[in-house]
Every structure is written in C-alpha cells, then in structure tokens.
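Here's a solo chain for you in structure tokens, the form predicted on its own.
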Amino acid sequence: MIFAANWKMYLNESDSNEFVKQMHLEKENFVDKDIMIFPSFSSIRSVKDNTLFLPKIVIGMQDCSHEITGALTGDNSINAIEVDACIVGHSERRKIFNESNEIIKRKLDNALNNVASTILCIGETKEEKDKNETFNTLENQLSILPKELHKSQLIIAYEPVWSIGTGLVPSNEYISEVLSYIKRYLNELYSDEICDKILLFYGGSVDENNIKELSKIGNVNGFLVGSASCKFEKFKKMINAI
C-alpha cells in the first residue's frame, strides 16, 4: 500500500524541512514504507536533499506545465528539477485554473515521458453524481490516456470532487464500484501485462480516522492525501494504519 502526501500550499520550505526533520527523528516508522511526497515546488530541492535517509521515498511535483520549455512566466516544466513523480489533472487544477482535457493530456504526456511515476486524478462533482453521470465523467477524463505506455508508472487517483476537503467520504462499496469501472476501462485499452502495472489510488477526505477502513477495499493500491498529510502526527498515524 502506497501513501502519497499532496502538501499543496499548506507547508512552506521551512515547514517542509521541519516536517522532514521529524521524519528523521522517527525514521523507524517510515524506513520500510512506500511513501510519495509532493511538496510545493519551491520546497522540492530541500525535501529531496533531506530525505536521503529514506531510500524508498518518492518526491514529486504537484503539477507541471503543458510545455517542456518556452516563454511561460511562472510555469514549471517537468524538466525544471529532477523529480521521481508528478500529479496531473487534480480537481483544483480543473476547477480553479480551468484546465481542459486538452491541457491535461499535454501535461500527462510530458509526465509519462519524463518521470518514473505519473498520477492522473479523476473524479465527479456532486452535481454529476446526483445526475448519475459519474461513469460518463470518468470516461471523459480517462479518454486522454495514450494508446501505449512505455516509460512512466501510471497511477489513476480516483478523487470524487464532492469529497475533497468536505469530510464526506463515499462508502467502501461505492469506491470499489468506481475502481472496478476504471479497471474495466483500462482493460479495454491496454494488455493484461500493462494493466497489472497500473495502480489505483483513492483520495478525498482521507484521514487517520478512516484510512484503515478504506484500506480494506480490495482494489485500492494506495491513497492520495491532502491537508491531513501536512500534520506530522496524522501523517504518521495514517502510514502506520496501512
């Protein structure tokens, strides 16, 4: 089971370094765990340099530009700094920054071709859920997947938009049904060999109180956790719980 921490803009560089220092002091809790950390872009170098004591840890970007290079002030190329992973298509990028499927596809391609692991986030809004359009929405979001996967490990993170930051968590049965749909979609697109390598994560109001129960879902390979992962004690409890 993999624990992926998306720190968003909650921790600055000083906060991130202090967090990693705590990890070092209690490294027995983390040394044999599969952990991914996505700091703010300005903190990536510090976090990378200060987590060398955890050889299994994966450090990634929370997002990347749809271009590799060019006159794009403030954007960050996937090649701007050496990282192991990248998140694309997060609902906050789709909603707040109005990122279209076309833009997300270009980001996805850049990540798949340049880093070891790429997380594609997908999920329905409350309105889409209420209209029974969940699977239609997910199909549209998955339609940007390339026909072939060569370099990067692909991870699909199902994050229902109505659950992110709201405290509303779908039932295990609901999540399992959605992940089964995603698996069927992938099976139609790729060979069994490739599908076996694609991982499925869940994200959305995951915390230390529910992660153990959520980890009972048979087809969940890991969790993408936002704000709860920014508090060290919660972070440690969640990792130990799975």
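Counting begins at 1, following the sequence as shown. Note that the coordinates shown come from a computational prediction; the quantities given were computed from them, not determined experimentally.
Separately, the form predicted in complex with a small molecule exists; it is not shown, and the next lines address it.
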Candidate stretches 77 to 85, 162 to 170, 126 to 134, 98 to 106 - the one whose heavy atoms come within 4.5 Å of the small molecule in the predicted bound form: 162 to 170
Heavy atom of residue 236 within 4.5 Å of the small molecule in the predicted bound form: no
Non-hydrogen atom contact residue 227 with the small molecule in the predicted bound form at 4.5 angstroms: yes
Partner proximity in the predicted bound form: residue 60 to the small molecule, non-hydrogen atom cutoff 4.5 Å: no
The small molecule contact in the predicted bound form: residue 206, any heavy atom under 4.5 Å: yes
